[in-house]
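One chain follows as structure tokens, the form predicted alone.
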Amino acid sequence: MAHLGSSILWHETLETAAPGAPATGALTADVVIVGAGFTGLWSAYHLTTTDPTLDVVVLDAHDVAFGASGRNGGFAMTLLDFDLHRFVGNWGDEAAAHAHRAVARSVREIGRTVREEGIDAELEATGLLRVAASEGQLARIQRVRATADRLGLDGFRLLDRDRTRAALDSPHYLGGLQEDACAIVNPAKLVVGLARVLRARGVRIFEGSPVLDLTESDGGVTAVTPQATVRAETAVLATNAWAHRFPAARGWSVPLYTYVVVTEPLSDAQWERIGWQGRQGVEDARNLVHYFRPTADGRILWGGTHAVYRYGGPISPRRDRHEPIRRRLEREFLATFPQLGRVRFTHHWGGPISMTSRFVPRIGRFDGGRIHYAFGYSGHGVAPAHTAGRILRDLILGRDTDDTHVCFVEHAQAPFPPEPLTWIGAELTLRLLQRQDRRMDAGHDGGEIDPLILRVLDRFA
């Protein structure tokens, strides 16, 4: 399933295969799922694990590795909201701890599924290292550790400057926070492997089948594609950044573009200069984070630094590259690891993430009760999409479980305003976040989210 002409490294690791057949004719199912990314496929996996008799159809406009599930950084992590400390401030101790444990469980279960189902996803349960490159960032990770301790969450360890640089050497790092309940993965291999498992179970996955209309009618739902009509008892909208195109979900999320670059494979001598024997996923404690991780073939993927909102939220392959951000990412990488010397970058790509007004996923049912949804992972969806799949399974089957009581399930979130207010709010928020990052880099800030930023977010969302 390699994508010809693609600059996405993960796609190059897939076996070349013909695209799946599109849906044709009049079809019926128990559940129709719109979107063959992590949310849709994990929903199908959990549904058919719990009830193997269910007839499930999955429809995707492209193929299973096209969207965010096939091009993200490959971090299976517990992060919700800006960080754990901020999440607790917004939702309270009990709710935040409950949600954190639900997502941490997903990281473990993804690992177990990969092993049991024989999916070659290059998964490494090496944890997440959050590094601090300023005193403000250091204050942030210290607050996260204190919050985790208060909530009784295990697996968080503060590292001083020497131990951080022993784990990953950069002259900029003042300290770090290791969180064990995280992993790195090749996301495209994971989503393609999951599709293979589901097809073997009898789940029908149709690619090249964009859903033009999804409605409730006559005690069921109907999904219409260019060549087919699928009638089912219930449906799942699992399109994430594309969810804002569905009329009932309009205004609940906005698509933001984020970008990465990837180095050539490093030499053994270069790896020795930076250490990184633990092979953790890494991100810093900025507002607009730098995130980076090693790959199975010895490269470093480096991303973040900026998020782009386009007026009206259009999504287009023309926006999958951004040359000014590419150049900035390469400069920031080389400044972070000057001891590597000259490094060539071989890949650059981007894609849309889905952001809600509260920076946490939105999961629930539309008013009629038969169309379910999950989206808005804010760029951290690898593990939460698995959690969403469990939640959607339970909602569809009418089960009252710990998962259905996660705080953001069927919880009201403010919609974004109409344009141009959303664009104004997004631009102002991003500039304020960047300003605070610059202040932290200069040592002028203690690391709390700027109250002005929070007031802007409350006003515009």
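Sequential numbering from 1, following the sequence displayed. Since the structure is predicted, the reported quantities are computational estimates derived from the model, not experimental observations.
Quick note: we don't show the form predicted in complex with a small molecule, though the next part is all about it.
Undergrad: Does each of Ser43, Thr48 and Thr234 have at least one heavy atom within 4.5 Å of the small molecule in the model of the complex?
TA: Negative, none of the three is within 4.5 Å.
Undergrad: Among the candidate residues Pro210, Gly152, Gly118, Pro171, which is the single one with a non-hydrogen atom no more than 4.5 Å from the small molecule in the model of the complex?
TA: Contact with the small molecule in the model of the complex is made by Pro210 alone.
Undergrad: Counting non-hydrogen atoms within 4.5 angstroms of the small molecule in the model of the complex, say which of Thr164, Ser106, Ser134, Thr258 makes the cut.
TA: Answer to the contact question: Thr258.
Undergrad: Is the gap between Leu397 and the small molecule in the model of the complex 4.5 Å or less for some heavy atom pair?
TA: Leu397: no, not in contact with the small molecule in the model of the complex.
Undergrad: Looking at the partner-bound form in the model of the complex, is Asn240 within 4.5 Å of the small molecule by any heavy atom?
TA: Result yes; Asn240 sits at the interface with the small molecule in the model of the complex.
Undergrad: Taking any heavy atom pair closer than or equal to 4.5 Å as contact, tell me whether Ala68 reaches the small molecule in the model of the complex.
TA: Ala68 belongs to the contact set for the small molecule.
Undergrad: Is it the case that His405, even though its partner is missing from this view, gets within 4.5 Å of the small molecule in the model of the complex, heavy atoms only?
TA: The answer is no: His405 has no heavy atom within 4.5 Å of the small molecule.
Undergrad: In the model of the complex, which of the stretches 329-337, 142-150, 361-369, 202-210 has residues with heavy atoms within 4.5 Å of the small molecule?
TA: One stretch meets the cut-off, namely 202-210.
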